[in-house]
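Before any questions on binding or motion, here is one chain by itself as structure tokens, the form predicted on its own.
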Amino acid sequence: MNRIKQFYGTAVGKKFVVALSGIMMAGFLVMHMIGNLKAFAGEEKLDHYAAYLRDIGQDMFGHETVLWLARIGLLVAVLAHIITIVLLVKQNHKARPVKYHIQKSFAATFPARMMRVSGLLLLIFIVVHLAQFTFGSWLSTPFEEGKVYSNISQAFGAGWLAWFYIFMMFIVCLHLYHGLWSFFQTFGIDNPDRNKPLRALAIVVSLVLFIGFSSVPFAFATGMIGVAK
């Protein structure tokens, strides 16, 4: 335990925790996107998938227990990510109080500069998203427990809310792009002879997630799918 504490006290250890918690959240995003896309298969498929998530392991652990354990694990990853980044920034400022200037391209610096802003926006968005679609207590949109398809149809049918979600997916994927690139650097995967393909991979993963997530609110907002009014 003491060795773990000592490792975490170093900048390398903190970067490791940030990268590991980040990749855990990225994995969740991929699975979440796949689940969301079931909306295109219709109300029955999406609601059945949502019920399946709540029923996993219920014979042994009880209804929704495994789902809540997964939620708690994700929450721990989010908190570890945020807290460690704050500690890492403080540690870096203490080690280097005087900034020095290095000329970098706009493409390299913009996502990095946006990390703090996007991180704060994402934290707010997570709270809003959980309040609306998990606890059903946001914006007074119709909500019925277990009726996932109907709930998101009513919410995204409001129009502006769908566009808000699409904008937030852009923020998520901007954050993810820089996070993936940082992950490659932290674990020493980056190298001058493969930096371009690694950046391309980070861009492709981010774009796929943006398109996958955004397609659902867009489809509901434009009437391509949804519960008939």
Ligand code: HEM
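We call the rigid core the largest set of C-alpha positions that still match within 1.5 Å between the two forms. Note that the structure is a prediction, hence the values are computed from the model and not measured. In case it trips you up, residue 1 is the first one in the sequence shown, and so on.
From this point on, the text means the form predicted together with the named molecule, which you will not see here.
Note on the interface: of 142-150, 155-163, 129-137, 78-86, the segment with non-hydrogen atoms within 4.5 angstroms of the named molecule in the predicted complex is 78-86. In the predicted complex, no residue of the candidate spot (I34, K38 and G212) has a heavy atom lying within 4.5 Å of the named molecule.
Only one of the listed residues (M169, L29, L46, A202) places a non-hydrogen atom within 4.5 angstroms of the named molecule in the predicted complex, and that residue is L29. In the predicted complex, at least one heavy atom of A19 sits within 4.5 Å of a heavy atom of the named molecule. In the predicted complex, the named molecule lies within 4.5 Å of some heavy atom of R116. At the 4.5 Å threshold, heavy atoms of A95 stay clear of the named molecule in the predicted complex, well away from it. Among residues of the shown chain, A219 is not one whose heavy atoms approach the named molecule to within 4.5 Å in the predicted complex. For the partner-free chain shown, S182, F183, T186 of 182-213 come within 4.5 angstroms of the named molecule in the predicted complex, judged by any non-hydrogen atom.
Relative to the superposed rigid core, V89 undergoes a CA displacement of at least 2 Å between this form and the one not shown.
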